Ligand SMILES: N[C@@H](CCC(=O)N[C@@H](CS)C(=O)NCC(=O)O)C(=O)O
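Here's a solo chain for you in C-alpha cells, the form predicted on its own.
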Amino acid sequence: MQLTLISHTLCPYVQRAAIVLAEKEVAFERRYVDLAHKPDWFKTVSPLGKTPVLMVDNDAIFESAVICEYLDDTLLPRLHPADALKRAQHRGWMEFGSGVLSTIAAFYNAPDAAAFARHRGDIQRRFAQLEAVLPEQGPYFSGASFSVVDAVFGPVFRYFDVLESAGGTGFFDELPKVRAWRAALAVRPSVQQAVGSGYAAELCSFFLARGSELSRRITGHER
C-alpha cells in the first residue's frame, strides 16, 4: 500500500493527517500543491478543492477527519479510545478543534481593532472550555495516551508560536492545563515534523498579506 499525502505547506488540516501518519510509523510521501493555482489532477482527486487528500495507491480520500479515521481503522497503534462512548466524545472534540481553527482564521482576518478584540475573546473562551475538560494529570488530552484529538490540536497551538513572536501574548495566562498540554505537544516528534523548517516565516508572511488588523500590528511590532 503506497500512501501519498497531498499537502499545502500552511494547512493545519494537512498537519493533523501528517501527525497521525507519523504516530503510526508508516512510510508516506508528501506532494505539495499551490491552492491558488490548482492543477487539474488535484481537482480530480479533491472534489472540495481543499487539502489534505490521502492517496491510497490510486484511490483518494479527502477531508482530514475522514483521513484520520481511516488511518486509525487500518493501522496500529490505535489512537482513538477503545471505549465507544469515549471514542464518540473524542470525535466531538476533533470537531471542536476545527471550530477553533475557524475562530483563529476570523482573528487573523479581522479588519479593525474592534473585530480583532472580539475574535481574540472568542479564542480565549474556546480555550477556557478546554481547560475545564482537560485532566489534572496529562500530558495529553485524555491523560497519558496520545490521541487523534492531540493530533488535531498540535497544529492549533502552532499558530500561537508565530503570534507570540509578533507580540500577541496572553492567550493562555489563566489556563495552566492548556499551557501544559500545549508544551507537551510542542515537543512531540510527530507534531514537530508535520511542517517544514520554513513554516514560521511563511505563516508570518501569510498574516502580513491579509491586510488585516493583525498585519498592521505585526508590522508595528517589527519596527
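Residue numbers run from 1 along the displayed sequence. Quick caveat: nothing in here was measured; it's all calculated off a predicted structure.
The form predicted in complex with the ligand exists for this protein as well; it is not shown, and the discussion that follows is about that form.
4.5 angstroms heavy atom contact with the ligand in the predicted bound form for residue 214:
Looking in the predicted bound form, residue contacts with the ligand do not include residue 214, since no heavy atom lies within 4.5 Å.
My question is simply whether residue 21 lines the interface with the ligand in the predicted bound form - judged by any non-hydrogen atom within 4.5 Å.
Answer no; every heavy atom of residue 21 is more than 4.5 Å from the ligand in the predicted bound form.
Going by a heavy atom distance of 4.5 Å, is residue 13 a contact of the ligand in the predicted bound form?
Flag for residue 13 set to yes.
Should residue 190 be classed as touching the ligand in the predicted bound form when contacts are defined as heavy atoms within 4.5 Å?
Looking in the predicted bound form, residue contacts with the ligand do not include residue 190, since no heavy atom lies within 4.5 Å.
Sort through 175, 35, 45, 166 and report the residue having a heavy atom within 4.5 Å of the ligand in the predicted bound form.
It is 35.
Quick one: from 49, 170, 196, 39, grab the residue that has a heavy atom within 4.5 Å of the ligand in the predicted bound form.
Checked against the cut-off, the match is 49.
So if I measure heavy atom distances to the ligand in the predicted bound form, which of the stretches 59-67, 23-31, 177-185, 150-158 falls within 4.5 Å?
The contacting stretch is 59-67.
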